[in-house]
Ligand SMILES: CC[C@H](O)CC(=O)C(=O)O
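As structure tokens, one chain now follows by itself in the form predicted on its own.
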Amino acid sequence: MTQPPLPAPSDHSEIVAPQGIRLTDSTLRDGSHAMRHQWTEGQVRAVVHALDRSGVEVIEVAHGDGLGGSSFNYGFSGTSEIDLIAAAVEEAEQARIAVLLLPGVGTVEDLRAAHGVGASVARIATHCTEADVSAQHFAAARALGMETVGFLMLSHRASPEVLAQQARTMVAAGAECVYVVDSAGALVLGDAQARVAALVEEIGPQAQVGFHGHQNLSLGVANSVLAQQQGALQVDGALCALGAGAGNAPTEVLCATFERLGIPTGVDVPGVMRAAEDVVRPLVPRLPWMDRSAIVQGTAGVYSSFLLHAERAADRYGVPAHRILQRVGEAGYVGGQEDMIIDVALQLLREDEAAARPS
């Protein structure tokens, strides 16, 4: 098969020790879901300071649904994400600040605004079979001189072979690393291994491979270790597992586990444990947990950020959230279809009312 041409190499290839893992902390982006997007500037500064002192190389900051996510559909931010990114950049002494952008939610203008206040890593996220929509965003990020990372969300929805071809599309567009993103926490051990191995085989010489795990089935850390063993060089975590759904692989556990395995992360483990316990834990109104709804998300393959939307619909219409999520998984809805959750709740309510009527 003829492969598409690759973009010119950038000068970002030195950022990962060849034998180790570069850890990106997403407490201030994916963790924004658990905070209902209400991070304050002071809180962002405190978290960045703690992570930076612990040696975390990359810290992601944005609305939970990425740049431009502050809206009626996804939830309004308490503080402008650009202001939060600027504060993070100002606070960090060695870490670089990353942003996430979902084409269709955020725009190239949002990316330029984030770069304008100092963000230097652009993570462009698409559904796992729609990598082609990311081309202009990678081009814009490369033109700005940003490091570029691709996110293939809901990776369980594509076979390893299909996912590898989607990664090839992102690399051709300018991605310097492509992530297998287990957005639903649905990948079970070998499933994660197979997808990471397929990407490494497909793009390994031209780009790095990363892994972003969720905890719905309590496999975020195990899958991250297996990803590293298959050749992944970048892994995501979040302090206290803060993230959508059941949360992300906890940064502090990832660092401790990789240290036990003798795999360098460059992160001070006691420092990052203090960051989780003393800085983030007191700020969090609700820790992510593998409750019934979160487990259903994992088994039904439901996008993690749908959890809070389903819980709100459950409160409003009196239908259990886990039933809404099960039906959403059966329908195959993807990120950006949050509004369909209301339709599902109403349908379940009608079904329940019909079943309760005397025959």
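Quick caveat: nothing in here was measured; it's all calculated off a predicted structure. The first residue of the sequence shown is number 1, and the count goes up from there.
The same protein also exists as the form predicted together with this ligand; that form is not shown, yet it is the one meant from here on.
Transferring this ligand from its position in the predicted bound form by superimposing the C-alphas around the site leaves no ligand atom within 2.4 angstroms of any backbone or C-beta atom here, which marks the site as open. Proximity to this ligand in the predicted bound form, taken as heavy atoms within 4.5 Å, picks out 150 to 158 from the listed stretches 252 to 260, 90 to 98, 150 to 158, 222 to 230. Taking the partner from elsewhere, Gly64 is found to have a heavy atom lying within 4.5 Å of this ligand in the predicted bound form. For Tyr303, a non-hydrogen atom is located within 4.5 Å of this ligand in the predicted bound form, even though that partner is not displayed. Using a 4.5 angstroms limit between non-hydrogen atoms, His137 is distant from this ligand in the predicted bound form. At the 4.5 Å threshold, heavy atoms of Cys177 stay clear of this ligand in the predicted bound form, well away from it. Only one of the listed residues (Met146, Ala192, Val235, Leu102) places a non-hydrogen atom within 4.5 angstroms of this ligand in the predicted bound form, and that residue is Leu102.
Exactly one listed residue, out of Ala186, Val181, Ala119, Ala131, brings a non-hydrogen atom to within 4.5 Å of this ligand in the predicted bound form: Val181. In sequence order, His212, His214 are the residues of 192 to 231 having a heavy atom within 4.5 Å of this ligand in the predicted bound form; the partner itself is omitted from this view.
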